[in-house]
Every structure is written in C-alpha cells, then in structure tokens.
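Presented below, as structure tokens, is a lone chain in the form predicted alone.
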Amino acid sequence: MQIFWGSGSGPAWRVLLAAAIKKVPYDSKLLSFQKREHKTEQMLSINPRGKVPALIDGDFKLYESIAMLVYLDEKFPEPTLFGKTAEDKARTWCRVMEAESYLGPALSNVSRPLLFNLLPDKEAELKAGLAPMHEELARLEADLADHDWLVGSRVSAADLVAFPMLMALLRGANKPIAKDLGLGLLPLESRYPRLAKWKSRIEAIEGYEATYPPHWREG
C-alpha cells in the first residue's frame, strides 16, 4: 500500500493517524505542495482533483480521507475506528459528519487567515468567527465530560477527523500575528482542559511522531 500525503494537510493527517493506530504497513509518499507534486500526471490518475490524501493498494486507487478511513477499517478491522454495533457505527458517523459540517468550517474561519497570512484584510471576518469557533469547541469540551474520546472509551474516526482541525487552529493561534486578536485560546488547558487532555492522548498514540507535519517542526 502507498499513501500519498502533504505536510500540513489535515485530511491526510487523519489517514496517517489511522494507519499508525492500526499498524498498517505502507510506503509513505510525502508530496511537495510547493513543487506541485500533487498535480502531477500520476497523482491526477489517482485523484482527478489533484488533492491529498490518496492511496494505491495493489490495483485499487482511492482518494477522499473519510473514504480512506472506511477502507482501512474494513481492510484492517482491529482496532475498529467506526465501531462494531449499529449504535456505535451510527454514533461515530454522527460525530464525523458534525466535525465535517460544523466544527471544520467554524475553526477554519479563524485558522485560515492566520495560517495563510491573510491579515489585516480578513481581520473582521476572523473576529466574526470567534463566537462560532468557541461554540464548537465548547461542544467538544462537553462531549469529553464523561469519557476520554469523542465516541466513548476508544479512539475512533471521529477523533481522527476532528484532531487536525484543532491542531491547525492552535498553530494559527501561536503565530505572532495572532497575539493581539483576543482569540481566547491559549493556553488551551485554561479554557478547555478536557480538550487539552484529549489532544495529549492522541499525541501519545504509538507512531504519532511520524504523522506530524514535517514543516511544522521548522516553525
């Protein structure tokens, strides 16, 4: 199996975390966005949209990160990421879709202007996004009140979908341009202590370090 990914891609990070949790043997294909390696003829033959992540497993090609999580869960059933019972599967999918539909957009409205240096032009939009951002983070904090993970006592696809969204937000919040914007995020444990502990649990997953965006280590 080959997994194609790019440093800093949240969707790709989900898949790498899934592979780490399941101890999936694969060839890591790190692509350079700067060199537009995700737009090469080979990549377009796997994903016509020219985006990461993507995978090749024998003759099978697949793209879209959540589809890839499903594939890995079926191909390598233990430990399960979507659950075994109808109830567990439904709860997990509910959380996955909530993250995609609500959490992601709310956090991106704040993180994107910071990560892509869109200030001061986008400062008004960023500040308008702070209340929705905190609403979604408060929901996650509440979800973690009675258990360690977003769907009960085990790490699931819901955690893997949400985690890179939070990490991108925190990376943006730590940039010097964010210092005087009153984001109310740092330190995370002060406002969202359960989220901070959840983040640490994911960071403690065996193999996590190999999934961390390489260019983030450079600053």
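Quick caveat: nothing in here was measured; it's all calculated off a predicted structure. Don't overthink the numbering: it's just position in the shown sequence, from 1.
The following text describes the form predicted in complex with a small molecule, which does not appear among the structures shown.
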item: The small molecule contact in the predicted bound form: Ser9, any heavy atom under 4.5 Å; value: yes
item: Contact label in the predicted bound form: His38 to the small molecule, heavy atom within 4.5 Å; value: yes
item: Interface membership of Pro164, the small molecule in the predicted bound form, 4.5 Å heavy atom rule; value: no
item: The small molecule contact in the predicted bound form: Val52, any heavy atom under 4.5 Å; value: yes
item: Contact segment among 64-72, 149-157, 177-185, 164-172, judged by heavy atoms lying within 4.5 Å of the small molecule in the predicted bound form; value: 64-72
